[in-house]
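Shown next as structure tokens: one chain only, the form predicted on its own.
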Amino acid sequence: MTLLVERLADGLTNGFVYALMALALVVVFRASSTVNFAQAEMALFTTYLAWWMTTKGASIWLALIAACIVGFIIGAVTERTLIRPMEKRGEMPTLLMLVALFTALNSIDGLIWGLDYHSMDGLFPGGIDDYISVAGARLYFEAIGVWVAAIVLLAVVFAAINKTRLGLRMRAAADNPTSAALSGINVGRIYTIGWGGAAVLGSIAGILIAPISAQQLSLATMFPVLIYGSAAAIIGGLNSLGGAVIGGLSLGLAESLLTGYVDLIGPQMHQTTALAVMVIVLLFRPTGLFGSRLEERV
């Protein structure tokens, strides 16, 4: 029982981070019908920035705010200067641009901050004695903090999209850009805000996962998060906010339980397993479990 609780806790911790990354991908897709393959590298850059600020004496919370601001700027500028002009040339040039941006940002991180692994302070207490005992298992405050922060952030995002005027405009622009523009909505500005907001979600996800990652903070920290976040978004449905969250939590729990109890999979095969699940879902339901097919009237 103790081992099961610990694995469930680990699965929830990773799952919430995957859900945040998946939600960021869905926000971008709903805004501009584009899968941002550079999402994780944007997050990695701002996570490095936060780490660097803490080495200069800034608190981790101040570093988080700065990372979110910089992340929003990166996302907004990327959409306005790179993605929007490239989308006029078609989907493939846009995809290649995002892959190039992925590589460029990773290289810039290595150039600025080096190739070494870095230990990063977390937002919540992470000492060896900072835990509560549940059924004999140790639930560390750092992990519980990740759960609470993710739940609050997810609630804010859902409320902003479903309960605010900006959210209404975002949904209108996503459903029918032409009609939204004719009704007076600045669709381009909505797309820019969507990309910036998604980058903020990624930044927070990076700062949450880096202190507890087995790889610590390195050039490879966010790549597994991108794999799982992408799989979660596709499994849940690229235009479904709720599907992204369910997909992320499901993959996090499945990763922890399968690697712990199925010897054939082990820690070396868990990413392959996530991709296999994604392929199976796409074969039987191309729009994802909770996604809907977009229909265009002519």
Partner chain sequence: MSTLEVHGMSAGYGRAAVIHDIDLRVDPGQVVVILGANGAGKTTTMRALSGEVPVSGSITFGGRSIANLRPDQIARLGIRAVPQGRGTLTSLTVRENLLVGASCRADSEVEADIARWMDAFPALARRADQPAGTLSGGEQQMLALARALLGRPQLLLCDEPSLGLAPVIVRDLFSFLSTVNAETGTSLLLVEQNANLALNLASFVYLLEVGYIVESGPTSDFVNSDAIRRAYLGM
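Residue numbers count along the first chain shown, from 1. Computed from a predicted structure; not experimentally measured.
One more form of this protein, predicted in complex with the partner chain, exists but is not displayed; see below.
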Interface stretch in the predicted bound form with the partner chain - options 147-155, 174-182, 195-203, 68-76, non-hydrogen atom within 4.5 Å: 174-182
Answer with yes or no whether Ala160 is in contact with the partner chain in the predicted bound form, where contact means some heavy atom within 4.5 Å. no
Should Leu168 be classed as touching the partner chain in the predicted bound form when contacts are defined as heavy atoms within 4.5 Å? yes
Even though the partner isn't displayed, in the predicted bound form is Ser133 close enough to the partner chain, meaning a heavy atom within 4.5 Å? no
